Each structure stands twice: as C-alpha cells, then as structure tokens.
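Just the one chain here, laid out as structure tokens, in the form predicted alone.
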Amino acid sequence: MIDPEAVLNHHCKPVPRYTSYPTASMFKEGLGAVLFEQSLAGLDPADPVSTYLHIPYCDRLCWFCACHTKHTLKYAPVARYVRSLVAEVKLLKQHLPFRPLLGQLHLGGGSPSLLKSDDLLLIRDALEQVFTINADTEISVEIDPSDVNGSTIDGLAEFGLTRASIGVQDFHPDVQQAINRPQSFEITRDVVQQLRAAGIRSLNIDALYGLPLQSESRLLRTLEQCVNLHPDRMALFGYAHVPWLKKHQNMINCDDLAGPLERYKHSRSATQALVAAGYQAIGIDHFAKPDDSLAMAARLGELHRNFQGYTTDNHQTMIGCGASSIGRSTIGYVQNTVPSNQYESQVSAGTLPKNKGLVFTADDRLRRHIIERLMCDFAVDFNTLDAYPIELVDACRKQAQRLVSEDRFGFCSFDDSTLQVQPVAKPFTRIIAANFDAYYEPEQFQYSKAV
C-alpha cells in the first residue's frame, strides 16, 4: 500500500495536467501562422479532422474557473464575437487544399450554451462551407444549465448536437455560494430531460472536488444526484487554485480549501462511489458507462488525451478556431491570439489569428507518446516504439529503469519492456509522467496540484 500523506509531502511540487505534451507553457510567439500553413499543406484527404471552437464569454463569472473567458451581461459583445468566429472559419477555406471531412467538433468556453439559435446556425453554415459534415460527425457542446431558455435546446439540436457536456461542479448551496455558481439540482434535471426529449442520447456531466467548503459528504451527495440523472459519462476534475493566473480566484477564501491529503481522500471516495454506481474508471478523472465509446476505447487501448481531457478523438489534425483556441497536427501545436479584441481585429483584417506555436522534435514525439500512454493506459511498452529513433527510445527506457530503481513509494514496475503504474498509484500518474517531461521546471512554470 502507498502512504498518500508521505507521497504528497515528498512530491509537493505542482505538475502539468498533461492534456498536451509539450505543455502550452512552452509555445512560442510568432510561430503560429507559418506552422499552421505547413500543417494544412500536409493534410491527407483520406483522414478526417477535428475542430475546436472557443466561445470566451459567460453571463456569470464563476470564481473557480481557470478557462480563457470573460463576463458579460450584454449579448452584443457575444454577437460581435460570433461574426468574427464565422469569419475565421470562412477564412480557412482560402488556406485548405481541399474540403476535409469533419470527424469531431467541440464547442467550449466560456459558455457556448448562451449563444442564440440564429448565431449557432451562422456557425453551422460557415462550417458546412469549409468542411464535410455527415451523420458520423460527433458534435459536442458545453452547457451551463442556467443559460438554457425556451429555444436553447431546439437551437442546439438544429445545430447538430450529438453529445452535451453539462457543468455541475457541486450541488450544495454553500459550495455554490463560495464559487459564485448558483445552480439547483432541479434546473439541471430539467435541462437533462429536455436534452433527452430532443433526441440527445449522449450526456456528460462535469463535477469538481477540492472546492471551497466541500466536504466528503457534500461531494458524495452531489455525485449521487448526478448518477440519478443517468449521464453516459462523468468527469471529476480536481479544482486548480491558480489565483496568480486567474485573478478572480482571489474571491475564494483559501481557508475554505481542503489540504492535499483531504483532496486525495475526497477523490478516492468519489472514484469508489462512481465505480460502485456502475461506471468504468477512465484514466485519472473520467468515468463512463461500460457500453460508452470512451469506455470501449479505454479497454481497447485506443484512448487519447487532448485539451478537453480524455477522448476517443484519434484524428491527427485538430483545427482550433476562436480566441485562445489550440490546434494540433502531425508537426506541432498552434494557438490563436488570446485577447478577444485582438483576435477580432486580426480576423477583421482578413488574417488568420494564429499566434503561438510549437514544432515537435523527434524527442517531443516520443515523450508525447509515452506520457499519453501513461495517462491513458497506465503503462507503456518500450518494445512497441519502433517508429521512434532507437537512441531516444533507449534513453527513455533507461529513464524508466531509473524511475523504478529510485522509486521509494512503489509507484511503478518495469520488466525491461513495459513500465506499469501500480493500481494504487494511479492517482499519482501526473507525478510519474513528469519524469518523462524534458521541459518540466516547477520553479519556472506554476502548475496545479498533482491530486
């Protein structure tokens, strides 16, 4: 057995979430435009692409949020932004060598559910001018139930929604007040029922542990209420308190936050409760019903990880649209301009707003694969890495051997071929993955807690 208190005391430095490798903190200014053009030139007509659209607006400011978003009480800035987003999508047509098949589309934010139906249709029309969208295209949208009005669900259905991702966080009123996110169970239940009635058969619910004033009993009660809504998937993220990056998090009283050991205990109790309720644990923080595609991908070793978390998205290319959005290709990452006013100005001038970028080295590709497999499968077989330079594989193999030999907690085993994370060490996988991060400098970049 692993002593979590000893682990957390020893490994007290924050680590990346590894939704990408190299992480976004390594992206460089000025590389985005050229890298994006190179990425599009390398597209294969036989391969579908995925697209992420970012909506950086909310009609309320949740104090826990660490996303690129802004608060507005007026719809006019949102409508203006939608025009810029539509213009960016249409600009893609001038740069794409052909019309790609769209495999997956995700609208994130912010709160995409605050968009009016007419604006959703403007976005859909622009996408259809650039991509081929068919019955197999998966379309997911993040939904804040408090945004939903009489026409919202119909608008989302007409947009083509196939999976709704519903933000819950916690249902206890004291916790909600501490994070400035009032949202009753009844409102959430009604939205779920409306989505089901509209034919949306795949539902995900996001909850958080580590929130202010959140006790273990409050967290478990929230998860019990979520399970009663019968979502196909659930994500249980650890709250990342990073007020040096997100100033509004200073509104949260630090004295109301759980310590590292308490956070660990809460996450373990929550995991046990969700597994007991019939959900399969996916990676470090996702859960799915056994017949869901995410669970099947995990069982087959086909699970992937991107900026939205664990996913079945295996497309080589993701095109990011909207302020701050991140895309990827076989050659690297590209990030759009972050400030929405600068983003809108660039698009208005007819320029694709590609700003930061990172070009993969051979070492990046290998370590990216190793870290992703550890995060998804809790194991990596070094004998399956023939696609990478042998000297780099040997260096990482030695790193794995050194990790195990110096591991005072028994995190991993290594049999000269496969590095395996022990079941009791799965909550600490980010710590293990950091051993293969060639850029990891906790003193230079401030990350979130490991658990």
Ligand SMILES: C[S@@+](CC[C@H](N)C(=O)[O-])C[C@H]1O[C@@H](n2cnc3c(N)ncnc32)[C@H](O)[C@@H]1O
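Residue numbers run from 1 along the displayed sequence. Here the structure is a predicted model, which is why all the values come from computation and not from measurement.
Quick note: we don't show the form predicted together with the named molecule, though the next part is all about it.
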{"item": "Contact at C65, S111 and G167 by the named molecule in the predicted bound form, all three, heavy atom at most 4.5 Å", "value": "yes"}
{"item": "Position in contact with the named molecule when the complex is considered in the predicted bound form, options D206, E138, D363, D377, heavy atoms within 4.5 Å", "value": "D206"}
{"item": "Residue among R305, R328, R181, R233 with a heavy atom within 4.5 Å of the named molecule in the predicted bound form", "value": "R181"}
{"item": "Option from 28-36, 66-74, 416-424, 379-387 whose residues, in the predicted bound form, bring a heavy atom within 4.5 Å of the named molecule", "value": "66-74"}
{"item": "G238 within 4.5 Å of the named molecule in the predicted bound form, heavy atoms", "value": "yes"}
{"item": "4.5 Å heavy atom contact, E142 to the named molecule in the predicted bound form", "value": "yes"}
{"item": "Exercise: Q249 in contact with the named molecule in the predicted bound form, heavy atom 4.5 Å", "value": "yes"}
{"item": "Stretch 347-373 - residues with a heavy atom within 4.5 Å of the named molecule in the predicted bound form", "value": "none"}
